[in-house]
Ligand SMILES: NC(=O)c1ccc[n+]([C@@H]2O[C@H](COP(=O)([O-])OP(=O)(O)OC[C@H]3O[C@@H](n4cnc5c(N)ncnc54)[C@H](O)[C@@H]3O)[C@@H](O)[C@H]2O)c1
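The chain below stands alone and is given in structure tokens; this is the form predicted alone.
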Amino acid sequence: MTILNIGGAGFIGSVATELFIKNGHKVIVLDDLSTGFKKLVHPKAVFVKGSMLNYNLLDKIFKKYKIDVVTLYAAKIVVPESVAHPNDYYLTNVGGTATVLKAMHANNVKNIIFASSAAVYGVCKKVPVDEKSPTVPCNPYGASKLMCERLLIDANKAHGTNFISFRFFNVAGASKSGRYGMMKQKPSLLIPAINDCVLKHKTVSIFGNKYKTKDGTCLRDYIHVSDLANAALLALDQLKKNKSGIYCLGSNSGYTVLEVVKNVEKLIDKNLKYEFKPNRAGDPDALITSNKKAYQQLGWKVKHSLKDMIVSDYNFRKTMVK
């Protein structure tokens, strides 16, 4: 298949590209490099620099390359930033998705895999959450992703657009080859952020220690980026069958922020300095998912542990600071 991977120069998108190419697919990467890196574009992928908000560029790509499937990983993703600058998040995430869907319809492209987020749930009254749990996002980032899912559902009803939307939980790790991972120097995702502090001999900031959890720090579900890429590969088969759906991707278990810090100390064999800071706006106490639906319908399984996430990310980041 020929895949247009929007955001393919980013963390998750680059790992997915590597897996797609390994399995014989042709990949066109579209990325404006605002948060992505040219270094993360696979050498066998075709790279186009540009924005998903540029309809004319999308139209040209669809016409030139005869795209079979779109994978949409591009987005603004930092929760506190979304609280401070909501308009930017709605314009990029919702406006970008709407533009992509418009260009797809104009060019009769019927299949899309979308990177959603666990942030669509907001403050959960009951965990673990699943696809039927109430979606009441508590920050603009989560709200923007939920709006995008609504756009996908409406495109399916109006135009027969097949979609698979993945609600990702906390992502970490690097590809098995070690070539693709989180390149950002000041990552917002927890495990890369801790490893970044380890390598730069900085103090780890833990935002909040008065949440309703066993040690007062946020409880989260963590998932390896290679497992997420594998889910996209499995989704291609669903789309071939003209099937659509929303799936939670997580590990069915969770760790508090403090537990992740302690695991990093143990695995990297270094004592970390950490300090508690005020709660971040829009952060729920606990967020864990059930991946039962993804297992039953996609055959998706978690193959990597928290240890795999920490160690592979650490080894990837070591190559960046040399």
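The first residue of the shown sequence is 1; numbering continues from there. None of the values given here were measured: they were computed from a predicted structure.
Same protein, other form: the form predicted in complex with the ligand, not shown, and the subject of what follows.
- Partner contacts here mean any heavy atom within 4.5 Å of the ligand in the model of the complex, and among 237 to 245, 125 to 133, 161 to 169, 147 to 155 they occur only in 161 to 169.
- The contact residue chosen from Thr35, Ser290, Gln297, Asn263 relative to the ligand in the model of the complex is Thr35, the criterion being a non-hydrogen atom within 4.5 angstroms.
- The contact residue chosen from Thr92, Asn107, Asn209, Thr99 relative to the ligand in the model of the complex is Thr92, the criterion being a non-hydrogen atom within 4.5 angstroms.
- Contact annotation for Met52: at least one heavy atom lies within 4.5 Å of the ligand in the model of the complex.
- By the criterion of a heavy atom within 4.5 Å, Tyr180 is excluded from the residues contacting the ligand in the model of the complex.
- Contact annotation for Phe20: none of its heavy atoms lies within 4.5 Å of the ligand in the model of the complex.
- With a 4.5 Å cutoff on heavy atoms, Lys184 counts as touching the ligand in the model of the complex.
- Contacts to the ligand in the model of the complex (heavy atom within 4.5 Å) from stretch 112 to 143: Ala115, Ser116, Ser117, Tyr141.
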